[in-house]
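This text opens with one protein chain seen in two forms, each one given by itself as C-alpha cells under the names structure 1 and structure 2.
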Structure 1
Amino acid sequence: MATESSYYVPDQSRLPIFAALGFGSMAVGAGSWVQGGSPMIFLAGALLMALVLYTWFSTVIGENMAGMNNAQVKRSYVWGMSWFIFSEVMFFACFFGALFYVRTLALPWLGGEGKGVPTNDVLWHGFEATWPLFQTPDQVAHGESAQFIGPEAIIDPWHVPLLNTIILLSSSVTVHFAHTAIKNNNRSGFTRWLGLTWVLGIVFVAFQIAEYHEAYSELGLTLASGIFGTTFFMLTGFHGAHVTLGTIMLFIQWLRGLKGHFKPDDNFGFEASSWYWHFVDVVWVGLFIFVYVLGS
C-alpha cells in the first residue's frame, strides 16, 4: 500500500496526447461540419476521444484497485471533480444570466421603456415587450417576411415539465439511497437503487425529447423563433445534454458495481458521478422555476 508520504506520480503516458488529438480533430471537424462539410473528421475525433476516455478511466480504476492511490491522491481527485462541477455551474450561470438580462432589460428597452424610447420609435415601431415573446420585433417590422417568427404557444409547465421535475428529484433521492447502501456494504441495495436512478434518467430524457418534438411540430417553438425559443432551447438543451452525460456516468458506475468495484469506504467513482447528478438536478430546479413556470 502507498503511504501518506509518497504521492503517486504516474510514469510517462500515451493517453493525453491521443486525447489531445481526439479533441483537436473534434474541434476542426466541428468547424467544417457546421459550415456544411462532412461530419467525418468530427466523428473520428469523437471516437478516438471515447476510446481514450475508456482507457484512461480503466487505467485510473486499475491503479486505485492496485492500491497505488493513497489518501492524498484521492483528495486530488475529489478537488478535481469539485472544481470541474463549479466550472459547469458557471457555464449555466452564463445562460441564466442571458435570460435575466433579456427579460428584465433588453426586451423592455426594445419595447420603448426608459432609454429605449427612440429605438422603439425608429426601429421597431409598435413592438411590445411581452414574455413569452409571441411577436418578435422582426415580425412587427416586417410581418410575414420576418426571419424570426415567434411561437404560437409554449410548453405548459404543469404537464410534462412537472412530471420531469418529479422524476429528476426522485432520482436524486434514489442515488442517495444507493450511496447509503454502498456505505453499509449492501451490494444488492446499491445495484437496485442505482439501476433505478439511471432508468429515471433515461425516462427524463425521453420525455424531454417528446417535449421538443411537440414544440417543433405543433407549437412553432423552435431555436429560430426569437429570443424565447433561443433561451428555452439553449438552457433546457444544455441541461438535457448534461443529464445524458450523467446517465451514462451512473450507468457505468452501475456496471462497475455489478463487478464489485466498490467498497464501503472506497467508491469515489460512484460518488463523483452522484455529485454530478445532484448538480444537474439543482440546475433543473432553476430551469423549472425560471424557464417554465415564471416563463409562462
Structure 2
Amino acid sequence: MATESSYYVPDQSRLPIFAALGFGSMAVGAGSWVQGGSPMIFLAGALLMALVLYTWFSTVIGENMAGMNNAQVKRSYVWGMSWFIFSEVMFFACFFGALFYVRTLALPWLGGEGKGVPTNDVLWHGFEATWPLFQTPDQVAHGESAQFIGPEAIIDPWHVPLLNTIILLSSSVTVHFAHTAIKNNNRSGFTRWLGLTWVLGIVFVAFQIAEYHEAYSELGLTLASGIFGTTFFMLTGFHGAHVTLGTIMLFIQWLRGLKGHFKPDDNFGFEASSWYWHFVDVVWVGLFIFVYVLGS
C-alpha cells in the first residue's frame, strides 16, 4: 500500500475547467462553422486549449525535471496515456462502424434490397445503390434543386493518398530509430531522427490540405456532397487533426531533446508521444484501405 510519503498528489488546479470550456467551445464553434457561421467561437476555443496545454505540459515537465515524479506517478502516466489512446481507438471505431453500416446495410436498403417495400421505386425512382455515391437519393428526387448533390469524382487513392501512406509509414520507422537512439544515449541520433519525424508529419498535413483543395475546387467532393462526402471528411479530417496534434507533440519532445531533458531510462514524455504517433499511423492504414482504395 502506498504511504503518504510515496504517493504524490498534485496541487489543485483550474486547468481542467478551462480545458472543458475550450473543448466545448471548439465543438460548438465547429458545428456552427460548417453550417455557415463564423469560425470565431472555434478559434477562441482552440486558443484557450492551446494555452491550457502549454501551461499543463510546462507544469508536468517542470515537476519531472525537479524529481517530483516518483515510480507511482510515472506508472499513472503510463496508464493515463494507455487509456487515452484506447479512447481514441473507440473514437475512430465509431466512424469506421458508421462507414460499414452505410455501405453494407443502409445503402443496399435504399437501393431496394431486402424484404418489404422497394424503397428506391417508391421514394426515389431511378436511384441506384452504388458506392461511391455520385447521385444521392435527394438528388434523384429533386434534381439540381436538391440539398445534397453527389460529388463529380473522388480522390484517386494511388497518387496523394498513396504518397501520404508512404510518408506516415516512414515516419513510424524514423520515430522508432529516435527511440532506439535515446535508449542508447545517442542524443545526436535522437534529435536527428525525431526532427525528421515531425518534418514528415508537416509534409503529410501539407499534402492533405492540397488534397482537400482539389476535392472542393475541382471534384465537387465536400461535406455537403451526400453520405460519401460526410464520411470521407469526418474520417480523414479527424485523422488529419490527430496528425497535427501528434506533430506538435513530437516537436515539443524534439525541443526537450535539444535541451537534454531525456535519459535512457527516463524518457516517457517522448515515449508517450511516439505511442500516439504509431496509433495515428495505424489508423491511416485503415483509412487508406477502407476509405480510399475500397471506396474508389
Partner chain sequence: MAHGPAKGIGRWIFTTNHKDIGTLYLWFSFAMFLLGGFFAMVIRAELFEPGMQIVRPEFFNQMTTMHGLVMVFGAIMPAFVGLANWMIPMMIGAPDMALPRMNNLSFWILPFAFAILASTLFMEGGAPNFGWTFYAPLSTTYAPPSVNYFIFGVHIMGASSIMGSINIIATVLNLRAPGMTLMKMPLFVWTWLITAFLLVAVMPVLAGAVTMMLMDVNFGTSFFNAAGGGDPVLFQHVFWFFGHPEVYIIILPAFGVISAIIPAFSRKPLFGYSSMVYATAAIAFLSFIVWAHHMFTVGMPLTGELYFMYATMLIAVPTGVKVFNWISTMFRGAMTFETPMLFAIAFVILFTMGGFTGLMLSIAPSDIQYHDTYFVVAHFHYVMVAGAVFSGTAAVYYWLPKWCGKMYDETMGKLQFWIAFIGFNITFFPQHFLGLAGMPRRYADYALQFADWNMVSSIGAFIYGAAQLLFLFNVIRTIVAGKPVTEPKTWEGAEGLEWTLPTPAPYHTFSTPPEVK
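Quick caveat, the model's predicted, so the values are computed rather than measured. Think of the rigid core as the biggest set of C-alphas that the two forms share within 1.5 Å after superposition. All residue numbers here refer to structure 1's sequence, counted from 1.
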Item to complete: Give me a 1 or a 2 for the form predicted alone.
Response: 2
Worksheet entry | Chain position at the hinge linking the two rigid parts, options Trp254, Ala181, Val73, Val243, forms compared between the two structures | Val73
Discussion item. Quick check on the domain motion between the two structures: what's the rotation angle of the smaller rigid part, to the nearest degree?
Written reply: 13
Item to complete: Quick one: how many Å does the C-alpha of Leu47 shift between the two structures once the rigid core is superposed?
Response: 3.4
Response to the item:
Superposed on the core, the Cα displacement of Ala19 between the two structures in Å comes to 4.2
